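Before any questions on how it binds or moves, here is one chain, the form predicted on its own, in structure tokens.
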């Protein structure tokens, strides 16, 4: 499916369906919608006056043109209240329109750029959001489908009448398409069954992506991981017949930069809970327990495409957590790469373990900032539901940048406190730290353990366990893996202009 930009008269596009829009409360359509209304002898005005269309967010209505304009059908979509319109809503309505058009059997559609005119959005930003929403909303995982429904769009063209605005719109559409495809790449990885994407296969996928997008990729196997003293990763992987991998993706800009951002993602390709075996219902979607790692790989895909002026490193510790004969046990002590020891209180708290070694590895880059992302705890779902990732940090300035990027991308975060009292909960009587702190504040105590391994570098931890997967069908996030995090992490990188002030 092609996503394109065109400059010209919206009504003259050679599509079989055109998409226009209306804000809630508008009774006399103007702009492109007004032009459609005039061409159709005020049919839209009549429908609005009759109360058949109110312009509520994502409300849709379609009608036939009977030859009055080039397109056979017109799809009208509601934008909601004008003073509440945003880039996030632009993504939503573009996705809703594209999915509705597909369900109607359309093949080529043309659409105005939602919000680029009276919506008040910058044309490039609006076009980028519309393209993102379109690509994301039309996503379907069909690797294992033998019988497809046959309804697929061939092209979506965003039309801008103003020649002065068109270069910005064309740039936005191009960028949004790339961004959407990268998030869909993350979805593909996170949806692939664990048997078909063990650590070695995840590493191979990262390596193939790196070759395509000009990144340097290093894959460490068990022997190389042992040589780096990353004994915690090795400990977690002991119960599995699938050997672990440590993925390093390195982007260095053409001009030397004194800024280095390290992105770290949990890559547990299947999590049974180990000897602390999960209940069956809790294990069902554990093929996506590597969603944090997939999100980092997707973010690095975007870094490779857009080539920002800052160095970016992506680290993904990849392992299975299985209850094999040699599996690590409750009560074991594992020594991380920085020499700190961790008492194993529960083998199902393994994500923070592999991240601990990865955070130690990150120190060699003298990072300006570290952001880790992981499906770490069920506790964050209780706290925030499926609406935001939990953010914990040792640096207010970095947290502010991540929060701003979340608002820009619609991948929201919400900061939780990381007070010293939470660090007390993960103290061990026989080791430097233990890997759980009890049920109280569970997502925060997971971060409290990770904090021990960042060497006081500016750091943000994102617990994405509530947002990596959805059982609700949303406009641009169909049911299943959301692909959360690639756009968020890349936006932080893209907006990075200088160093951080002290915390």
Ligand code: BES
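Positions refer to the first chain, counted from 1. For clarity, every value in this text was computed on a predicted model and none was experimentally measured.
The protein also exists as the form predicted together with this ligand; that form is not presented, and the subsequent description refers to it.
Checked against this ligand in the model of the complex, the residues 252, 171, 346, 341 give one hit for a heavy atom within 4.5 Å, which is 346. Only one of the listed residues (411, 372, 271, 160) places a non-hydrogen atom within 4.5 angstroms of this ligand in the model of the complex, and that residue is 271. The stretch that touches this ligand in the model of the complex, counting heavy atoms within 4.5 Å, is 373-381, out of 106-114, 209-217, 373-381, 398-406. Contact check for residue 448: every heavy atom lies farther than 4.5 Å from this ligand in the model of the complex. This ligand in the model of the complex is approached by residue 278, whose closest heavy atom lies within 4.5 angstroms of it. This ligand in the model of the complex is not approached by residue 36, whose heavy atoms all lie more than 4.5 angstroms from it. Taking non-hydrogen atoms only, residue 357 never approaches this ligand to within 4.5 angstroms in the model of the complex. The partner is not shown here, but in the model of the complex the stretch 429-448 reaches within 4.5 angstroms of this ligand through a heavy atom at 436 alone.
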